[in-house]
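Okay, so here's just one chain, in structure tokens, the form predicted on its own.
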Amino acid sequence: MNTFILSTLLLLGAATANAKTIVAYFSHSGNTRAVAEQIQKSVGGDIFEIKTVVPYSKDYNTAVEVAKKEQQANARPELSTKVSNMEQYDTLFLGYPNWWGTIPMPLFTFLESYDFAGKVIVPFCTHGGSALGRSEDDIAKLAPKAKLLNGLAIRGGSANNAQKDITAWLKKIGILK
């Protein structure tokens, strides 16, 4: 395990012999999945895709319209996937597309489904121009007892070739040397 993660976990009182990392992500177009896979390759750990019971349309405009309506209604879309053993993870890399300035509503459902007290959450997003928006603030509100590290925003069109930016970010936040 990386020294920074271990020292952070020790500070949080969460270090165990089996300290583990999970990279959980929600991806509509595949961009966030591409970034999640690159992060997981860099840091190790498990990877998990957050999926909804009712999938979003493959048509971008239709999906965006549904996402906007969900946000306006403060909806909590039902998830079809669940991490059955979230308590074993100490560090959560959390990936998502930035929809309307924040995390998609399925991430609200995901974050409200688990206890993140004492865990480290490391957000990352793909976007079309609004970077992280207010997503870090929303994550902090949904997981107030977690330690939130500075997130990474990757333009959607750069997602498949983001390893250099990912590595620089992981070094900047102390995950990699």
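Quick caveat, the model's predicted, so the values are computed rather than measured. The first residue of the sequence shown is number 1, and the count goes up from there.
Unshown form predicted in complex with a small molecule; subsequent notes refer to it.
Interface residue among Ala63, Ala146, Leu142, Leu149 relative to the small molecule in the predicted bound form, by the heavy atom within 4.5 Å criterion: Ala63. Put simply, of Thr52, Ser113, Ser42, Ser29 only one has a heavy atom within 4.5 Å of the small molecule in the predicted bound form, and it is Ser29. Contact check for Ala67: a heavy atom falls within 4.5 Å of the small molecule in the predicted bound form.
Of the heavy atoms in Lys119, none are within 4.5 Å of the small molecule in the predicted bound form.
Proximity of Ser135 to the small molecule in the predicted bound form falls outside the 4.5 Å heavy atom cutoff. Proximity of Trp99 to the small molecule in the predicted bound form: non-hydrogen atoms within 4.5 Å are present.
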